[in-house]
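Just the one chain here, laid out as structure tokens, in the form predicted alone.
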């Protein structure tokens, strides 16, 4: 479904030229949950942004379902981007809009053939009771679930997640990962997750690219336990860590 071939990207400033991606090749299968991991500055977020052309490569090709996005006109590219949802690290919610209006925002910008209903998508992410709340009234985990609902309401075939849990604590991270895993299973979409958090990739993904200095060093197949990990409340986790022998 996703094919990146010989992707190179350099960012230039007055002080220096930074080679962010160096001749990167990557293939991701349709319906796969794929991780891109590496330390800060490895190039993983730049790589992710190539997939929906938020960043354009200096050279190379980006194909989604056999369509080379680098060759499209602006109008054609917008049509392709409608099929790609994105979840951001800092949520990217509009504080003057309610949860309902934030989630419905993509539907006000473009026409979609078969979007989810607002009530269905809020129920899916567990926020039915927050429909009329504002972002400042929500916890970090709730804000991220609003961001996921906004990405899902259009029924995208591809969901890109850029450090979706890095602003969250451990327990909230597990809750958000559980929502993403459920979305992958129920909607049969392809998910690409960029993160430096190894447990997130271990729990969610089938394969992962290990990045360093703008290059993919290795593609690894992830061995996941067949048993699902129970998400425990924070205080229960604290008691286990602090009180147990």
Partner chain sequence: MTEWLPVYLERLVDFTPRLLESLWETGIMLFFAMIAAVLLGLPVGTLLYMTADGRPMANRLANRILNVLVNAIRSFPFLLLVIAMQPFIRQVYGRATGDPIAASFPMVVIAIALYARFVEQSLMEVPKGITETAQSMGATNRQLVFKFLYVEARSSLVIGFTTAVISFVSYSTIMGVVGGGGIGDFAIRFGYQRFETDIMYTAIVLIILLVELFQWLGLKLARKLDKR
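Note that the coordinates shown come from a computational prediction; the quantities given were computed from them, not determined experimentally. Numbering follows the first chain given and starts at 1.
Keep in mind that the form predicted together with its partner chain is not shown, yet the notes after this line are about it.
Notebook entry, point to check: Among 108 to 116, 123 to 131, 138 to 146, 171 to 179, which stretch has residues whose heavy atoms lie within 4.5 Å of its partner chain in the predicted bound form?
Noted result: Among the listed stretches, the partner-contacting one is 108 to 116.
Margin query: Can you pick out, from 45, 190, 203, 52, the residue that has a heavy atom within 4.5 Å of its partner chain in the predicted bound form?
Written below: Partner contact (heavy atom, 4.5 Å) among the options: 52.
Check: Can residue 97 be called a contact residue for its partner chain in the predicted bound form at 4.5 Å between heavy atoms?
Finding: Contact with its partner chain, yes.
Next item on the list: Consider residue 158 of the chain shown here, and say whether it contacts its partner chain in the predicted bound form, taking contact as heavy atoms within 4.5 Å.
Entry: Contact with its partner chain, no.
Check: Do residue 92 and its partner chain come within 4.5 Å of each other in the predicted bound form, heavy atoms counted?
Finding: Residue 92: contacts its partner chain in the predicted bound form.
Notebook entry, point to check: What residues, if any, in 72 to 86 have a non-hydrogen atom within 4.5 angstroms of its partner chain in the predicted bound form?
Noted result: Heavy-atom contacts within 4.5 Å come from 78, 81, 82, 84, 86.
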